[in-house]
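Next up: just one chain, as structure tokens, the form predicted alone.
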């Protein structure tokens, strides 16, 4: 009897997970289907507003954190390999930052910045009846509310990840070169010898997929808020946890596909 209960519970968990992923996929599918409407002025306005919030306002923090992360990583590598192994340090920096930590840390920063805002905003609109009003006006909420947010966060994720990695790599080696008197050229030899098309492609795919996942989960949880304002904090918490969970899973899958298989 106990074994059967556990089996049913595991089955329910798997079914719920599949249904939720299918829901996220459906939301992204609707976003791509409505992409041609992005050129319409009101939709474009929402898109640009989200670009400003999710991308431009986050740019300074992303660069500063990336610079600090690069300095810390270089310091730790140098402690292990020695100051004279700048070429090896550059190689390890590419492997660590471009393959893994760059897209992952950038996604975490975007989650802390955008998930709560998007899910809370859509949840409040649902509670106040604004989404119903939009539907009564004959406007598709997915076209006006969801699609611009999905592509704005996705584009911001790609651009911010690039600047994060750039600040971590070149900003980090610039600072450490000044303080440790290590020639900048020694670092760049290791960097450009390890920076291949595979690393760049994996980083791009990760950042794009992370951005789409974060936006889709945030919108999905915001739309699930019913008529109670007390559900908004619960929705933002679920959106944050689920975004982190899916980002880590997708990060492992992409890393396995590119660098293990």
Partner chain sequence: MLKLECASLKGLLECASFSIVKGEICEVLTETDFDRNLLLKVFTGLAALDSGKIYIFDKDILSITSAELNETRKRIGVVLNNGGLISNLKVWENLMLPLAYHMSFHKQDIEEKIRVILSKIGYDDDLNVLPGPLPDYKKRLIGFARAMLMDPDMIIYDSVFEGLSSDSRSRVLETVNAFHLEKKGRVSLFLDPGESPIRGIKADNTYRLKEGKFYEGN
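Residue numbers count along the first chain shown, from 1. Since the structure is predicted, the reported quantities are computational estimates derived from the model, not experimental observations.
There is also a form predicted in complex with its partner chain; it is not shown, and the following applies to it.
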* To do: Tell me, yes or no, whether residue 108 is in contact with its partner chain in the predicted complex, where a contact means a heavy atom of each within 4.5 Å.
  => no
* 4.5 Å heavy atom contact, residue 121 to its partner chain in the predicted complex -> yes
* Asked: Closest heavy atom of residue 113 to its partner chain in the predicted complex, within 4.5 Å or not?
  -> no
* Interface membership of residue 43, its partner chain in the predicted complex, 4.5 Å heavy atom rule -> yes
* To do: State yes only if every one of 91, 100 and 175 has a non-hydrogen atom within 4.5 Å of its partner chain in the predicted complex; otherwise state no.
  => no
* Asked: Just one stretch in 187-195, 151-159, 164-172, 126-134 has heavy atoms within 4.5 Å of its partner chain in the predicted complex, so which one is it?
  -> 126-134
